[in-house]
Structures are given as structure tokens and as C-alpha cells.
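Only one chain is included here, represented as C-alpha cells and corresponding to the form predicted alone.
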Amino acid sequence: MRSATAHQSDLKNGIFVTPFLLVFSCLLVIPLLWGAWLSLTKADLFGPGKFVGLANYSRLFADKVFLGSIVNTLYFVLLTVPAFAVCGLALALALNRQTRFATVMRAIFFASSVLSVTVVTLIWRIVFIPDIGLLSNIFGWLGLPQVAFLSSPKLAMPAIAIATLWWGIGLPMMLFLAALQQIPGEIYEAAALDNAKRWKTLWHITLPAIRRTFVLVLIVQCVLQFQLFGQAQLMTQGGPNNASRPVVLYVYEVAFRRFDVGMGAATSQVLFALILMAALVQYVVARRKEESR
């Protein structure tokens, strides 16, 4: 039987974690359950709603705009998540030096992360805007034809992806830098004594040492980029012809412009399932690779 001291210790531990559990339940668990209930009702912003079962989901999957928003969101995730991982790692490798220049460059690359989405989209609208934008002027100097990035169905989403990459590259860069600085220098010294080339050192020492950080960056960015909203709303408003409309923008329009809260909640549940599946797939694949080593 457990002693009275052990029970007292459990009680003290429980008291310490109780505030966190209360906040976690109020801000995450209860809204999640309430959203799941709302998705089964026909509700607006001014009433309790009426239970309609899976009717909202049936309407949702019959809506071509919603299906298109899922395709747009997946396309955006495929554009940005690998780019965040590769560019963040490349920047971290280039700036992993104890020099003043590297410190200044790290600060410059991270500075964009503290800007608001409004400022970021304003900057990139100036870059992409036709006729008088930065890229239009560069194309004019080179004698190339003008390209309307934000008005083109094929280029609107890549343009938003570029702006997002510029905005958020600071976080993965700093995560990779923290991981790189945890690798003991003696390992690199031993590799240098064995005349190991840079590529072999990167492939056989650096990448295996930071693989958990790599998985973390992929999962974090996957969760973040599935929630694309502000950039698409401010740069293209989901256009042209719904080509850049993500799922979160669809939720906003359905729930707060059409006041169809039940259908908006159903859309949110589908988005939650997509994010959960994507994160779990990456975690399981990374775990199996680690166990097979």
C-alpha cells in the first residue's frame, strides 16, 4: 500500500497542475465540444439552434466552393511546409556562426516574424501590384511582359505562399539554430580529422542529430499553414474565382457573413480533422523511421 507521504505528494502535484487544467478545459476542451455540438444544429448568432443531425455536413460536401477551399488549403500547405523546413534549415546552417555578421543577419531574418499580418500583406501587395509594383518595375527593366500575380488563378496562391514564407521563416530558422548548437563540436572535429567532406558531415552527422527538430518544424508549420486566413483575406479576398480561398476564410464567410453558425462549425470540424490527420501522419512516419534505425 502507498504511504501517506506519497498521497500527500500526489495531492500537492495535483494542486500545481489544477490551474493549467482549468484554463486548458475552458479555452480548448469546452469550445471543441461546443463546436462539435453546434455542427449538428441549425443555428445563427442569436439563438440556441435546432438539432439537424448530419445535415450541415451533407450541405457542406455538396458545396463546390467548400471542396475548392480544401484543395486550395492543401495546395498552400504543400507549397509552404517543405519550403519552411528547407529554407529554415539552410538559413540556420549558413548563420550558425559566432560572428557579428551572423548575429545581425539572424536578427534581420527573424524581424519579419514580429510584423502583423496587415503590414506583411501591405508590403507584398506593393511588390505584386501590377504596373507600379516592385516586380512590375523589375520586369519592365528586363523587357519582360507584366504579370498580374494576385489576379491570376494560377499565381495567386503561390504569391500568398511567398509572402507567408517571408513572414514566418524566422521561427523554423531559430528552432534549427537551437538544435544545431546542441551538437557537440568534438564530433565535427573528429570528422575533420578523418577528412570528411562537408556534404558527408551534413548527411551523416548534422541531419541525424536534428531529425527530431525537423519533425517538430514540419508538424508546427503544418498546423499553422492549414489555418491560412489573413493573407488570403487581405491580398486577394479569396479570388480570383475562389482560386485562393482557404478553408478558414470559408468558415469566416459562412459563420459571420451568412450567419450560418451550424455550417461554419461543421466546416471547422472538418478542418480540425484534416490538421489532426496531417500531424499524426508526420509523427507516425517519423517515429517508425526512428525505430527502424
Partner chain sequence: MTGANIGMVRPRIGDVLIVLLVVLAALIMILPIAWVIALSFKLNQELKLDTNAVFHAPYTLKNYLDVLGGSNVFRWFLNSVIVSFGMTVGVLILSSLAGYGFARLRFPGRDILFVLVLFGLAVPEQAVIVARHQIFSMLKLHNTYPGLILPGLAAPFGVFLMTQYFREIPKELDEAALLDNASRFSIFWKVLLPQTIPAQATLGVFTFLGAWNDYLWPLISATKKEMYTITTGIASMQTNFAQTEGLGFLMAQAVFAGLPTLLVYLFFQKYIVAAVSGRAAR
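Keep in mind it's a predicted model, so treat the numbers as computed, not measured. Positions refer to the first chain, counted from 1. In this text, rigid core is short for the largest set of C-alphas that superpose within 1.5 Å between two forms.
Absent from the display: the form predicted in complex with its partner chain. The rest refers to it.
Asker: Can you check whether V284 is within 4.5 Å of its partner chain in the model of the complex, heavy atom basis?
Answerer: V284: no contact with its partner chain in the model of the complex.
Asker: Taking the shortest heavy atom distance, is I30 within 4.5 Å of its partner chain in the model of the complex?
Answerer: Yes.
Asker: Is there a heavy atom of L144 lying 4.5 Å or less from a heavy atom of its partner chain in the model of the complex?
Answerer: Residue-level check for L144: no, no contact with its partner chain.
Asker: Is there a heavy atom of V119 no more than 4.5 Å from a heavy atom of its partner chain in the model of the complex?
Answerer: Yes, V119 sits close enough to its partner chain in the model of the complex that at least one of its heavy atoms falls within 4.5 Å.
Asker: By the heavy atom within 4.5 Å rule, which residue out of V86, L78, V71, I129 makes contact with its partner chain in the model of the complex?
Answerer: None of the other options qualify; the answer is I129.
Asker: Suppose contact means any heavy atom within 4.5 Å; which members of 99-125 contact its partner chain in the model of the complex?
Answerer: F101, M105, R106, A107, I108, F109, F110, A111, S112, V114, L115, S116, V117, T118, V119, T121, L122, I123, W124, R125 sit within 4.5 Å of the partner.
Asker: Using a superposition on the rigid core, decide whether the Cα position of V284 changes by 2 angstroms or more between this form and the one not shown.
Answerer: Shift of 2 Å or more: no.
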